[in-house]
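We begin with a single chain expressed as structure tokens, specifically the form predicted alone.
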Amino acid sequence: MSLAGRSLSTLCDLTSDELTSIIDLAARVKKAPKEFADALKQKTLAMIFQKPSLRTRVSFETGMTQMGGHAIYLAPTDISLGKRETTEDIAIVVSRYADLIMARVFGHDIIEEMAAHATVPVINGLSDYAHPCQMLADLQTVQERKGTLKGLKFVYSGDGNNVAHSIMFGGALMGMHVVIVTPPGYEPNEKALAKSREMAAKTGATVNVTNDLAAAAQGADVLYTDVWASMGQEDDAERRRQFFMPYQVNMGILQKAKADCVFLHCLPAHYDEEVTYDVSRTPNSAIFDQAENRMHAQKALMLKLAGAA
């Protein structure tokens, strides 16, 4: 299934079959990396960062290298998006040099503007609205553990943020039953919720939002959490702790889920805040497989968008 020349702003850009094809390819890439050792030979990925990241940079750069390509890291000080030069001009110019662009930014409008003006595929490495590459790795990890995705109960506890949005979109596309659990006032974006439910109606999935973690965790196949204050929200972190502490994933919550429940966290983790350390080290925890799969899933995505698979 060809995705050549396409960009990925959110998982809404994909059909269920297209998303499945990426996850399937990610499994192949992980199992037999040597098959793809020259797949992106002489191709260049430009990596534009407004926000620093361990996993995003290392996974994309290593993945590109393993496939015979080259990645260029452009730090926040190298490109002041929209300040020193317009996003439109940056997208046009970088397209003349690179075969793929990955951008990790604050405003989602930057991703949309870059994709509109670039003449090569643009990948959303993270924006304040969506984190599609993370969800690709999440789905690959659950598939590895469970052998299937359709029909699973996927419970997320935390802020209704970009990760929550991507869980809703990805779960809807794959026929999962997603439950987003947040403190009152921290629910997901209403438009994102409406879009995910529209997508879910086509696959038999459900997307629900609640403020009751104990009830939601009952019979969960997947439990997921994220930090309570994302990058850029540090000044609000202490106030958020007061609201979010009842939404911590601890052993009591894990025990309400199925015995073979998969615990996920996109990392970095603040132990004993959103998750207790003991939960992160149980056999249920797949957080480090999940982190590794960022590379495999993104390799599959780059292969698809570059027309090499």
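Quantities reported herein were computed from a predicted structural model and do not represent experimental measurements. When you see a residue number, it is the position in the sequence shown, counting from 1.
Not on display, but discussed next: the form predicted in complex with ligand NVA.
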| property | result |
| --- | --- |
| 4.5 angstroms heavy atom contact with ligand NVA in the predicted bound form for C261 | no |
| Non-hydrogen atom contact N161 with ligand NVA in the predicted bound form at 4.5 angstroms | yes |
| Close approach of L152 to ligand NVA in the predicted bound form, 4.5 Å, heavy atom | no |
| 4.5 Å heavy atom contact, L74 to ligand NVA in the predicted bound form | no |
| Interface stretch in the predicted bound form with ligand NVA - options 63-71, 265-273, 236-244, 31-39, non-hydrogen atom within 4.5 Å | 265-273 |
| One residue of V227, M199, I79, V120 in contact with ligand NVA, assessed in the predicted bound form (non-hydrogen atom, 4.5 angstroms) | V227 |
| Sole residue of L223, L126, V142, M176 within 4.5 Å of ligand NVA in the predicted bound form, by heavy atom | L126 |
